[in-house]
Ligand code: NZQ
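The chain that follows stands alone, in the form predicted alone, written as structure tokens.
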Amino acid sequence: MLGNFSYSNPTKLYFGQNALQYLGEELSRYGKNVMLVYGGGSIKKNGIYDKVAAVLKRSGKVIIEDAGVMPNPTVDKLYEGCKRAREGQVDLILAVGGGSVCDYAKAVSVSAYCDEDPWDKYYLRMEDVSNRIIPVGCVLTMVGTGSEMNGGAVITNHKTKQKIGHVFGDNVFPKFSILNPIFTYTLPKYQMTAGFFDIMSHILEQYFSGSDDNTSDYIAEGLLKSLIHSSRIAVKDPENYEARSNIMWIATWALNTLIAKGKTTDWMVHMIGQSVGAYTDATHGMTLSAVSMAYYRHIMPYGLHKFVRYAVNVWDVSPDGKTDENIAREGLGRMEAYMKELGLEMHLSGLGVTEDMLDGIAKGSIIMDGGYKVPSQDEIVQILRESM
């Protein structure tokens, strides 16, 4: 049964090869001080920085730079960004990069004028925003997180070995996002494929929950089939515009809150993967791929009918003469083969996880109750062990 819900998404998207031409129009809506947020400098090497900076200068903006956002943004970096935003009296934060940069920009937007420690308020107590929010815009250079059209912001605290996401309300969503698929071409294969699996994982987290007769599930199946098709093309031909544009659009729809409507949603793969990331600083998508097969085989008996549907509708498994369990297992087997085909990390040991970390990773995994099986901490340790 489709549950009760309300839906709102205020982010305006500009999609395509000419999407950046609309940046100036959006900038005209904000004051003169723009904080330009980006990562390790790849946007300077590939020319995207110069293109964005030229638009900012033509628009008469004062650029306050905040570079060096890491793949797993830290709480210390968050504090640094908040100080810079306040001192620069920033009117807009413009994130140019992938999901981590967009997440970080949103975290700064709600934290710069927070009257207490934002880590405590937003990431430990999960409270709503009650202070001034600096608006955010995004120019996307990597796909995967869907952060360009949602209110999520994940921050890592290395001291406490915690990686936690807060999903803020639509007042924190980016006001606009520029999506040019060509900007994703220069991404190394490792990051590209990690992003592909992040997209898949987002869809599966929402798909493997609730009843079967749900419009959201039909949308999810279509997104998954399109992703599988286009990602296979992109791995062989990274500059195939059709494939990369389809993947960019799928990534946005995978986590812009639409397909979660009317469902409970799971998110345990992300909770476990994020805890792995807090210990290893490994690439997010790879932490998800490393634990997914063990996790889904663990919960399969509790949502068998959906796993059968997944096998048939997404992986084209023929059900003829097979038990439901065999159909479901064959579907997961095809998923595993696809993951290996993409070159994803299939074992936690490959990400630097050691046996002595497992209990701590399990304790750091926030337990969610929206899936087919609410795992105990002991079960999470078992899943982690099977993922080694």
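Numbering starts at 1 and follows the sequence shown. This is a predicted model, so every value here is computed, not measured.
Keep in mind the form predicted together with ligand NZQ is missing from the figure; the text below concerns it.
Between the options 59, 33, 46, 326, the residue in contact with ligand NZQ in the model of the complex by a heavy atom within 4.5 angstroms is 46. Out of the listed residues 275, 206, 177, 184, 184 is the one that sits within 4.5 Å of ligand NZQ in the model of the complex by at least one heavy atom. With ligand NZQ left out of view, the stretch that reaches within 4.5 Å of it through heavy atoms in the model of the complex is, among 93-101, 124-132, 227-235, 309-317, 93-101. Contact check for residue 88: every heavy atom lies farther than 4.5 Å from ligand NZQ in the model of the complex. In the model of the complex, ligand NZQ lies within 4.5 Å of some heavy atom of residue 71.
Mapping the unseen interface onto this chain, residue 289 falls outside it, with no heavy atom inside 4.5 Å of ligand NZQ in the model of the complex. A residue is said to contact a partner when one of its heavy atoms sits within 4.5 Å of a partner heavy atom; residue 265 fails this definition for ligand NZQ in the model of the complex, lying far away.
The putative spot formed by 152, 188 and 191 is fully lined by ligand NZQ in the model of the complex; each residue has a non-hydrogen atom within 4.5 angstroms of it. In the model of the complex, the residues of 129-168 lying within 4.5 Å of ligand NZQ by at least one heavy atom are, in order, 141, 142, 145, 147, 150, 152, 153, 154, 163.
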